[in-house]
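Alright, here's a single protein chain in two forms, structure 1 and structure 2, each given by itself as C-alpha cells.
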Structure 1
C-alpha cells in the first residue's frame, strides 16, 4: 500500500512520521520545561498550589542582591581551577601516549578507566580515601613521611573541601579529556611533522609551533566543557558532603535544587536556573568570538 505511493509522497510521510515522536519528546522534555522555567521565574510559585502569583523581576533582584546566592560561585571556582589543570595534564599524557612507547594502549586504557565508573560509587570511594582518621590518603601521606599533612581533614576544612571534591572530578574526567586529545593528535597530518623536521625544528619547537596550534579547536571545546562543567557541578558535593561543612561546599546547582525541592521556592529557583543558562550562553558566545578572531589571523 505504502510502496505504491509516489516517492515524493512517501518522502513527505516518512519525514513527518519519523520526526513526529522524537520532536515531540524534545519539545516536551527540553523546550517546554525551559519555557515554563522562564514563566516560573516571574512568579513566586511554591510548587504545588494552583495559583502562581506574578512577581515580575523580584526573583532576579533577589538573586543579584542576596550575596549568599552569588557567593556559592566561589565554591564552583575551585572546579574551574582543577578543570584547567586537568586539561593541561590531559594534553601532557596525550602527547606522551601519542609518541612511540611500549605499552601505550595499556596506559591509555588504565588512565581512561575512572571515566566509566559509577559517579556515586566513586564519590563514596573518595569519601573513604579522604576520611581524616581512617582514610587511606592520610595513611599514605604518613607512610611516605609527610606526617604533618597526614592530619588534614580533607572534606572538613572550609577552604580545602572544594579542592578535595574538585580533585575527585579531576580523577574521574582527566582520561576522558586525554582520549579526545589523543584523537585530535592523530588527526594531524604526518607531513606537517616531516616538514617541521626538514626545517630543523626541535621536539619542543614542534610541540609548541605545530602540535598545539593544530589542537586549538579541540582544546577550546574541552575548555568550554570545563567551564560549563564547573558552573554546573552537582552530584559530587551532593552525595559526598551534602554541601558541608556549614555550606562551604555547596555549589550553585545544588542551591537551585535545594531552593526548589527543599524550600519549595520554585520561582526563585527558576530565576537562578535562567541566570545559569544565561552564563552558559555567555561562555559559548565568548568562545565563538575568540574562535572566529583566531580564524581571521
Structure 2
C-alpha cells in the first residue's frame, strides 16, 4: 500500500500514526473532562443523581456574590510571598553551586532531595516539626535561648499558620527551582563572562547585568509556576490543619473540594474551578506584561 503513495503522504501517515494515541489520551483525560467541567458549572448537579438541573449563570453569581468564597484567597498570599523568596534563594544557590565549588554535586543532591519526597509524607514530617509541645522547632528555639518563641503554636495561630505551611513548600521546592536555574546558567555562553571580566565588571555587576538578563525566560517560567502553585495549594493545609484554626488556613482549592465532596454541590464547585482557571490565565497575562516591559522590541 505504501509503495503507491508519495514520500510526503507516507511521512504524513507515519506522523499521524505516532500522534494518534497521545492525542487520543489527551482528548480523553484532558479535553473531555474540561468540557464536562464547563457543562457542570451551569448545572445544580449533586454528584450522583442522573438529573442535572440547568441553572445557567447562577453558580457564577453565587461565587462572586459570596464573600466567604473569595476571602480564602487571602490565605494563599503567604504561599506567594514564600514562593518569591524561594526563587531568590534558589537563584543564589544556583549561582554558588554553578561555580567551581568543591563538593558542589553533593550539595546539589542534598538540596534537590526534598522535591522527590511524597507531599503527604513531607506534611506529616513537618507536623512533628511544628508541634507546640514536643516539636523540634520549639525545642531548638528553647535550646538557643529564645524561650518566648519556643511556646509558639505555629499551626494554631491565625497570623502564623499560613506562613508556617508555606515554609514547608519552600523547603520542598527550592531545590527543584535551583536545578532549573543551574541548567539555565550552564546555557549562558562563557564568552559573555570573559568579556564582562575584561571590561572590569565585578561579581555583583556580572550577576545583575549578565547572568539575570540571560536567565529572564527561565525566571518568568518559574515565577509563573510559583504563582499558579500558590493559587492551587491543597495538600499541606489539608493534611496538617484541615483548614484550621477556624478556617484561617483554608485555601481556595480546599473550598472547592469541600463544596463538591462535603456539600455535594458539584455545579458550584465546577464554577469555582473555572474561575480559578481564569485567574491563572489573568495572572499569566499580567506577568507577561510586567516582565516583558523593557525587553526587546
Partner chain sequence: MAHTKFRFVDFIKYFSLLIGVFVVLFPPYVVVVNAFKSTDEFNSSSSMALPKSFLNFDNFVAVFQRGGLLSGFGNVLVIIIITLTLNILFGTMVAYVLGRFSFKMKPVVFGAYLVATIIPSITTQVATFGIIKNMGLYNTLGAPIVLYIGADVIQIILYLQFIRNIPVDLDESAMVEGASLFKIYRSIIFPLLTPATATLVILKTISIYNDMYIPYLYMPKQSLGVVTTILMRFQGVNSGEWNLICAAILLILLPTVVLYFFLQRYIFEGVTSGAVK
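Throughout, rigid core stands for the largest set of C-alpha atoms superposing within 1.5 Å between the two forms. Residue numbers count along the first chain shown, from 1. Since the structure is predicted, the reported quantities are computational estimates derived from the model, not experimental observations.
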May I ask which of the two structures is the form predicted on its own? 2
So, superposing on the core, is the move of residue 276 at the CA at least 2 angstroms between structure 1 and structure 2? no
Rigid core superposed: how many angstrom does the CA of residue 24 shift between structure 1 and structure 2? 2.6
